[in-house]
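Only one chain comes next, encoded as structure tokens, the form predicted on its own.
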């Protein structure tokens, strides 16, 4: 039987990086498209400072970052999945599952002995469930052998159906729940610390931890090696199946967190709308940020920049009386350019 010929230049690069522990910002910015993304974001910021009324204010800061926070959180998980050469189409549906589960524990919080127990369960159980669904996606990819786009399409369809079945397809508004736990739950989406929305702080923590994990841990190097050359990495001792199971589980977990934030902001849980098109927003942020969709390389900072560019571009156009339809066309053009630049760099 023929043995696959390893490509050490690409596949072993992440393993060799173990000699450079820590987060190296200069190394991240050496990725040309991430540097371009940073430059584009700076240009947008300068333009808005000069030409957009009331842009420099805490209100505008909070408005833009709250619009993008859930996208960034989901896109971080998507970055890990794409880095292994996969994709996760189920994240939007998993957000809906998380969003409909939380109110169940808010209503029945008093049945657990102490009200705070119900609040803790409202935060933890939905996220644990979506993480298990992510593990299910990874199992379909690794054990069953389905292509990632097909494996995650299963929960893209069934996940939202599960969410609708849980609440009989009905919209649940928190003010109608009659639970004293609701204000505590809503803090995750509407609360703030020192004038900064709490969801922005969650986004910052997720980005920081993910960037550190991808750059400075063995797991991060295994993720990049898996996407760079799976056959060579397997020969080098990389636990390919465990890596893939883990990244899909992370994606599901982060989608669950994002789902909780969305329903807390909206003060309602709509199984039809929560997480709608989120998978496309997340993939767009990853692509614009400089992570190639073919896998093998990834940048969490780039994903953050990509999401911020898309959001700030939309804000800029709408602030200058450009219709939402035209704004969508411009954003689509930016995504095309970003992917073409990726292809040019790869070739």
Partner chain sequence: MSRILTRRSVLRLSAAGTGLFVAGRYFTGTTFAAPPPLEQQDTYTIGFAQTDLNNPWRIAESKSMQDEAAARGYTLVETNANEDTAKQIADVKSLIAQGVDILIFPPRESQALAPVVMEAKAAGIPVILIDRDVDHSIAAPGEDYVTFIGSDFIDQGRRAAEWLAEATGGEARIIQLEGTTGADPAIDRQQGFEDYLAGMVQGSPTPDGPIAGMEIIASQTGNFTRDQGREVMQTLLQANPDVTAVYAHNDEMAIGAIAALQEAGRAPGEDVTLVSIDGSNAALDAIVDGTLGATVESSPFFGPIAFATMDQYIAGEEIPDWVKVEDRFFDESNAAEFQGTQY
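Residue numbers count along the first chain shown, from 1. Predicted, not measured: the structure shown is a model, and the values here were computed from it.
Just so it is clear, the following notes concern the form predicted in complex with the partner chain, a form of the same protein that is not shown.
Highlighted residues 53, 175 and 322: every one comes within 4.5 Å of the partner chain in the predicted complex, counting any heavy atom. Comparing 37-45, 55-63, 282-290, 297-305 against the partner chain in the predicted complex, the single stretch with non-hydrogen atoms within 4.5 angstroms of it is 55-63. For the chain shown alone, residue 215 is not a contact residue for the partner chain in the predicted complex, no non-hydrogen atom being within 4.5 angstroms. The partner chain is not shown here, but in the predicted complex it comes within 4.5 Å of a heavy atom of residue 171. A residue is said to contact a partner when one of its heavy atoms sits within 4.5 Å of a partner heavy atom; residue 164 meets this definition for the partner chain in the predicted complex. Using a 4.5 angstroms threshold between heavy atoms, residue 266 counts as touching the partner chain in the predicted complex.
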